[in-house]
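First comes one chain, alone, set out as structure tokens in the form predicted on its own.
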Amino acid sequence: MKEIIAANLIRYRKSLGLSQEQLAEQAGVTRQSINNYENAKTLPDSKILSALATTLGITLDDLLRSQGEGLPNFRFRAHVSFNTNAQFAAQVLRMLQTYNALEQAVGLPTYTPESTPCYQVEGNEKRIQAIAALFRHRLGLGDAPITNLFHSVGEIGLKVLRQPIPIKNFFGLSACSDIEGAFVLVNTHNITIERQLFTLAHEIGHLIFHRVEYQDTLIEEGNKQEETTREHVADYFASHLLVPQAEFEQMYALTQDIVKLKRHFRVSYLVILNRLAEMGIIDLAKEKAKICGIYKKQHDGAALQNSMELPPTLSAKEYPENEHYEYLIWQSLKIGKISEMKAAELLNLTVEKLRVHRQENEVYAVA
């Protein structure tokens, strides 16, 4: 146990860029004590362990868990180098463990998309479009716009969590297990609903086309050119999942208004522009510059940033977060698989508020 705690202290401390002196000061111990713990010479008592975990932004379980322990059946894909962000890697593992445990408690089936490797768009356009159409069919959809992709994939058993993650340029990641199903984490921190939906579709693309590349840890591998090519495949799939080609062509014949098109398909204006550019209808850079110019005139000189969406934007109220996950929590509580205290913790409620919600649910439940 001393060796496990020592390795974790070093990893989580360095992830935060803290020196032994800084960690010692914040945790209320001496630097020599930290040095002894990290060299596995002494074992911290329970009070100090809790203080160290709190200071490092992790749980006590994270500090006591050996690296690689947890969910050996799951493999990950991410686009940020998480070997230097150990706290976030631990957070993702906790999310996935909890989601998996809730599914098992309730007894709901899981889902993993069928894997079919594809590593470049060029020459595979029709194939990727066909696979996007098959996935829409799996969701029970035709060519009509998808009302709520988060809800639709939850219905078939794909694990999806939306969480605010304050990491720059991080939009999402995915994990998979042939036994326990697939998982997608979507970042909501200062990110539009349009981008969140695209991220979900994008990660589904990776789960389908690049699953053989998933690793046991949250560490990005591969060269930049290969990664760019893979990203292009996932982007192409996401675009055609959200906007089927036949329906797009029909709508474009009716209107060339970018705002109307994006509103109809519930996607970003950039998705529409990229599709038109792929079809050779517009020059992407020129059209984007034109739209940015119009936006600037209409908004008193304010720039349309890449992180922003051209109005009207999708409303967050139409896309409540983590509905399926919360359903699993309530069901687990109902059948006695988790306690009220645990359910309240997972739902970020007090036990008192949880009981109020529970009573309201029982009052309005269909007999």
Partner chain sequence: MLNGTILDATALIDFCWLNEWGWLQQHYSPLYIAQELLDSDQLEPSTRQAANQYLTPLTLSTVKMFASFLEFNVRSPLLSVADRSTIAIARHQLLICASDDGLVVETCKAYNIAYTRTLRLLAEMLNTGHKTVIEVTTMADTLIKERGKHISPRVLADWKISLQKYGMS
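Residue numbers count along the first chain shown, from 1. Just so you know, these numbers come straight off a predicted model, no measurement behind them.
From this point on, the text means the form predicted together with its partner chain, which you will not see here.
- Exactly one listed residue, out of 32, 339, 307, 39, brings a non-hydrogen atom to within 4.5 Å of its partner chain in the model of the complex: 339.
- Proximity to its partner chain in the model of the complex holds for none of 161, 193 and 211, with the criterion being a heavy atom within 4.5 Å.
- Checking 314-322, 24-32, 45-53, 295-303 against its partner chain in the model of the complex, the stretch whose residues place heavy atoms within 4.5 Å of it is 45-53.
- Within this chain, residue 359 lines the site of its partner chain in the model of the complex, having a heavy atom no more than 4.5 Å away.
- Put simply, residue 229 is far from its partner chain in the model of the complex: not one heavy atom of it is within 4.5 Å.
- Its partner chain is not drawn, but in the model of the complex it has a heavy atom within 4.5 Å of residue 344.
- Heavy atoms of residue 353 reach within 4.5 Å of its partner chain in the model of the complex, making it an interface residue.
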